[in-house]
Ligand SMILES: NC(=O)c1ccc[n+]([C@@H]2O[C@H](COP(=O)([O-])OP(=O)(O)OC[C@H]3O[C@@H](n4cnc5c(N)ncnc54)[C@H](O)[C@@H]3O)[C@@H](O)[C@H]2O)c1
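First, one chain by itself: the form predicted alone, in structure tokens.
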């Protein structure tokens, strides 16, 4: 058996990294950029930081900003038509996971038109050509969509999210500039940060985990534990600091890992909450994380003990079982410290059967280290009901 690692061709990190964007476009000879962003980032001038650089370099561009927080099939279809109308030849996506996921789907369909039916991309789609050349610029520290081979689209008609996994969708260039994340409000800083922690912990405990991805995940857990509280405090105060910089790097490192080994039941359930109730993805992941860890503990107790150490817990004198419990407690404390809610008030008892079925059908579920049945998932959802 072989293990595979897929990453960006090039990634830039650190304050001011966006200045590298024009050169990456020009040296490849591209003529027209399709800028994929979301309306709030355009409104508050975040996207402009990148388009100003394109203007200064004399690079033509066209803007598509009809991206919703949970991007839909229609968003993607409209984006494909907008790309064609713009006569663009490359993509720069500026935003969180929603903008980057939309851009990935657009780029794949443009170069693989036989997959114009967006639903045909669900799961592992057998595309033959790499997506349109893409530079991804994250504005949140959580999804790591700029380095992953995954994207998630919402099927409004069927009230579900579906996960697409395709090595051809990975952006060739990632530009992780913490200054592009400076406008994130505290709540979004917290929820995306907890999403990154979920990536790292699920990636470390998933069935496909192995030594190289373990290295990424443990380092990401360490960095998130050290920096998330400070990043949230910086978001509240409006003052710059090391917390944001640490989280920008941490979420990328987590993405380097989980993109290559998969996730688990937490993400499967979180996708379902977002599809049915529009629950913010990071909030859903955070509420479910300690619950998923407790469920998986019987089969990954030693790995959860490692998580405790990575989170800075002094496990001296603890048994492996106690250290695993300490990891779960540390996750709960971190979540509480950054004001993540503990319950999802939208869940209705008469919908539990449906959302449990949807979670078990999610593409992330097969990676979970412990098998679950319908009744078990129902009980797990009940733990976050009001």
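These numbers were taken from a predicted model, which means no experiment stands behind them. Positions refer to the first chain, counted from 1.
Keep in mind that the form predicted together with the named molecule is missing from the display, and what follows is about it.
A.B. asks: Looking at the partner-bound form in the predicted bound form, is residue 70 within 4.5 Å of the named molecule by any heavy atom?
C.D. replies: Flag for residue 70 set to yes.
A.B. asks: Against the named molecule in the predicted bound form, would residue 184 count as a contact residue? Criterion: heavy atoms within 4.5 Å.
C.D. replies: Although the named molecule is absent here, residue 184 would touch it in the predicted bound form, with heavy atoms inside 4.5 Å.
A.B. asks: With a 4.5 Å heavy atom cut-off, would you call residue 40 a contact of the named molecule in the predicted bound form?
C.D. replies: Output for residue 40 is yes: heavy atoms within 4.5 Å of the named molecule.
A.B. asks: Although the named molecule is absent from this view, report whether residue 96 comes within 4.5 Å of it in the predicted bound form, heavy atoms only.
C.D. replies: Flag for residue 96 set to yes.
A.B. asks: The named molecule isn't shown here, but in the predicted bound form which of 118, 152, 275, 173 has a heavy atom within 4.5 Å of it?
C.D. replies: Of the listed residues, the single hit is 152.
A.B. asks: Here the chain is shown alone; which of 132, 188, 288, 310 has a heavy atom within 4.5 Å of the named molecule in the predicted bound form?
C.D. replies: None of the other options qualify; the answer is 188.
A.B. asks: Please determine, with the chain shown alone, which of 218 to 226, 109 to 117, 290 to 298, 136 to 144 has non-hydrogen atoms within 4.5 Å of the named molecule in the predicted bound form.
C.D. replies: That would be stretch 136 to 144.
A.B. asks: Counting only heavy atoms and a 4.5 Å cut-off, does the named molecule in the predicted bound form sit next to every one of 44, 101 and 192?
C.D. replies: Spot residues vs the named molecule: full contact, yes.
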